[in-house]
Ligand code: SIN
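As a starting point, one isolated chain is supplied in structure tokens, in the form predicted on its own.
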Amino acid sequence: MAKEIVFLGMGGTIAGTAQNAGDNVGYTAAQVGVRQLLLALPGLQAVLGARQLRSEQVCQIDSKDLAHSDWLALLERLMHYLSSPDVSAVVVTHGTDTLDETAFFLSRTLPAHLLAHKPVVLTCAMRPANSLAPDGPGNMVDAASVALCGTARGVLVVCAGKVHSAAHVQKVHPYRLDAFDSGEAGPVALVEEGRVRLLSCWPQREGLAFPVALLQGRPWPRVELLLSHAGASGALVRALLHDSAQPLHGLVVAGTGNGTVHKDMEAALLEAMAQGVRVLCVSRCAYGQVVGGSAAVCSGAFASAALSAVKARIALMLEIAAEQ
């Protein structure tokens, strides 16, 4: 029996439609099923060869509205298919707004042994499916090319001919087709006329798999994001501390420069730490990461992470969940 490639649909712009085919902004996301999207890819069969194609709609949602439960649903289906000896790889069609978050979550929660020989490739589009010049079909074919190239590993993102690792990819533009960037790390590979040209090593995760059962059937640890800026105060921090809706477990602060925080906000963060809240600082700068040394972040009061703010939030949530 020929090996299979599985496409999982999550919705997003790639599955969106507009009333006017010339409108690439005023569309409604998540309107077209993944099976229908695959029918519009005449170049896909050449990439598949003798492999069989399978698809499944995991959810149908604008990615800005994704919930933790949607991540768990996707994770469960990925583990199911990656565990099958008949499946060679899995491609996920996803909205662009939170694509970097989903990719990072999967890279931290999928068991390493499942990714050792099979890639999970997420792809997307910046234009709706019925656009005059949609970019989704090309991205889907490129994603299949990467998934089936024979060497790809780990959790990857494919968009506009570039292949990014989950650890470094970020959405950096709200409109142009080449909307993703990996900062100083750069893309892992390029897709050129269906051929994958590797630029660096495929991502590999070391260490034990995250115990996913800790996230099922109970609320996830509450970790909120804050931004330090000129004139920042501690009001939001204190408001979160007194919010009785759900206990606050952690705060991630996108700090200025080298992860620094306005003195008024810093005072409130110290109050939060005294109440048992974990605080993690990252830099709000587009490039680079917090650099330690003699001038430690906020005089050493807070831990720092070499991640974007949204990824640091996910990392902190998982860390706290593992400790509970």
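Source: prediction; values computed, not measured. The first residue of the sequence shown is number 1, and the count goes up from there.
This next part talks about the form predicted together with the named molecule, which is not shown.
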| message | If we define contact as a non-hydrogen atom of the residue within 4.5 angstroms of the partner, is T260 a contact of the named molecule in the predicted complex? | response | no
Taking any heavy atom pair closer than or equal to 4.5 Å as contact, tell me whether G12 reaches the named molecule in the predicted complex. yes
In the predicted complex, T109 touching the named molecule (heavy atom, 4.5 Å):
no
- Item | Distance check, S283 to the named molecule in the predicted complex, heavy atom within 4.5 Å | no
Only one of 275 to 283, 44 to 52, 61 to 69, 262 to 270 has residues with a heavy atom within 4.5 Å of the named molecule in the predicted complex, and that stretch is 61 to 69
With the partner omitted here, the residue among K118, H249, K171, K162 that in the predicted complex has a heavy atom within 4.5 Å of the named molecule is K171
Of S228, T96, S182, S88, the only residue with a heavy atom within 4.5 Å of the named molecule in the predicted complex is T96
Applying a 4.5 angstroms cut-off on non-hydrogen atoms, the residues of 28 to 54 near the named molecule in the predicted complex are A29
